[in-house]
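Here we start with a single chain on its own, the form predicted on its own, put down as structure tokens.
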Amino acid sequence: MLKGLGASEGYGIGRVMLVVEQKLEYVAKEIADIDAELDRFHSAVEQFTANTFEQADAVRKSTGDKEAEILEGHIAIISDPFMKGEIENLIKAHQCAEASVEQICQMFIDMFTATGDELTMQRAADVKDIRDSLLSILLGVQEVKISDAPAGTVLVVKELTPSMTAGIKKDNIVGIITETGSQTSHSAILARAMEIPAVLSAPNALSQLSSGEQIIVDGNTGDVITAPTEEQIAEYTAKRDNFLREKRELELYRGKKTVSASGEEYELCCNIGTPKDAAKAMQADGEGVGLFRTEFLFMDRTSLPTEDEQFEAYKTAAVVLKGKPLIIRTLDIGGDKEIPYLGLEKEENPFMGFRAIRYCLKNRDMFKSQIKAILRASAFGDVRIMFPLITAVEELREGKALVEEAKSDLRSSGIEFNEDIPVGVMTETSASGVIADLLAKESDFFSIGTNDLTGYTMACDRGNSDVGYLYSPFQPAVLRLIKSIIENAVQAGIPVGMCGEAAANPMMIPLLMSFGLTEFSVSAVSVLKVRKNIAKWTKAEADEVAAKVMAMTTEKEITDYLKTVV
């Protein structure tokens, strides 16, 4: 048996197809005819662009816009004047196109990888994909094609690249295994979008598995069962059938209110990163947007987005939501999100440093531009402003004062906006939990960000495997803070939601119901599951579970118990 990371849920039973990367070997030679070599490079870029547009169209039809945009992003990367110009400069220095492409791409790969930031490191995977595609074109090597995979195939690859997915016929692929990747890597995103069970980071999978052998892929646990017995095949066939049946049953909750078994109603919203995601939230039957991560509007560009550009993005989302709530989080950069053109200085501990609201309050012109854009969008829907990483009341007050300045500017210009726009706080630090009673007096709503709240409270980095055992929202310290934040919001009479990953965890749901949470904000694919899980519990049942959990002393004791009741 192989063990990896379960990254796309479900069960696949099929036969292995090994996808071995083609060798892209060449001799780095000095060239005499610079113009001819530049023509070779430009022709390769043109062919790459045409191929990628074609692949993006195929992915859009089979999977969706968001996944197609990953491929379209590759075109933007190779079209970047700096990258393209650096490759051309090497060719002008008499270096062959192959070596020039590899050298500059490797420079970007090393730069992105060195950040240690998972989101930025995904760019390294994109550049690798671009490099290999360009080298294949320059060398005349046929790229790996998986469109001929027969029904019942389990793909085994080193890394599932965006360009590979264009050839996947979803009906024929029952599972995916990779040697690399994480829960947030492109491999995981693409596998989940295609709804194919996937196990990532399975060490040496290509050398340990053989083409044609029958295996079982458990995308929930990350297990890969080799040489399965008849009993195991029967067991996993039943699991697969049950999983698919439950998936179909979720459709019964589409178009329904989010309500507990005892009648309490909740707001069930989605987390989004782009205006286009707002449409996906509505398609998923979300009741609004509990978190619009605006930093994605600032990425993949070389300068700040203008106020008008931001306004159009926020307005688009507000119009799509048709009056449903849209909570827009102001720029949250630093920590694990780096935007090169902002010139943030390298810090020894960026998660504890100059980031999020701290950066914004020191860069008032940029911050006011964003706030004005949000205010302008508030004329088109139920838009709300949320400040990230608040650790002191002064930060909230200073942010609110800037909102009032922005309102005054817009009034002077005769521009419409919602005078009573709600301004809230993302409670994601231990400090915000401890002073939740003070913040609640000056905030219109709370939204709990459990990812950072867990990390800050437990003083652990979720990316560090040595302390990973501490990173759990079910740690007693984290649960007590969550409970305190919710209770203080309820006492102050303000809405309180949760937009962290824990909001969709079936084991967390009865606790949140008992504590008094009013809004859940989850990924679009989780909406119906969360609605179903909320419908399973009465408030009295949730209170009973919560009382037992809050009397427990260890994370293991808590999770072991919750597994028995969920």
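Being a predicted model, the structure only gives us computed values, none of them experimental. In case it trips you up, residue 1 is the first one in the sequence shown, and so on.
There is another form of this protein, the form predicted together with a small molecule, and it is not shown here; the text below is about that form.
- For the options 324, 293, 186, 280, the residue carrying a heavy atom within 4.5 angstroms of the small molecule in the predicted bound form is 293.
- Here is the short version: of 79, 242, 306, 451, the single residue with a heavy atom within 4.5 Å of the small molecule in the predicted bound form is 451.
- Among heavy atoms of residue 155, none comes within 4.5 Å of the small molecule in the predicted bound form.
- In the predicted bound form, the small molecule stays beyond 4.5 Å of every heavy atom belonging to residue 508.
- Looking at residue 196, you'd find every heavy atom of it more than 4.5 angstroms from the small molecule in the predicted bound form.
- Residue contact check for residue 384: none of its heavy atoms lie within 4.5 Å of the small molecule in the predicted bound form.
- Looking at the small molecule in the predicted bound form, residues 332, 426 and 499 each place a heavy atom within 4.5 Å of it.
- Looking at 530-538, 27-35, 46-54, 499-507, the stretch with residues near the small molecule in the predicted bound form, meaning non-hydrogen atoms within 4.5 angstroms, turns out to be 499-507.
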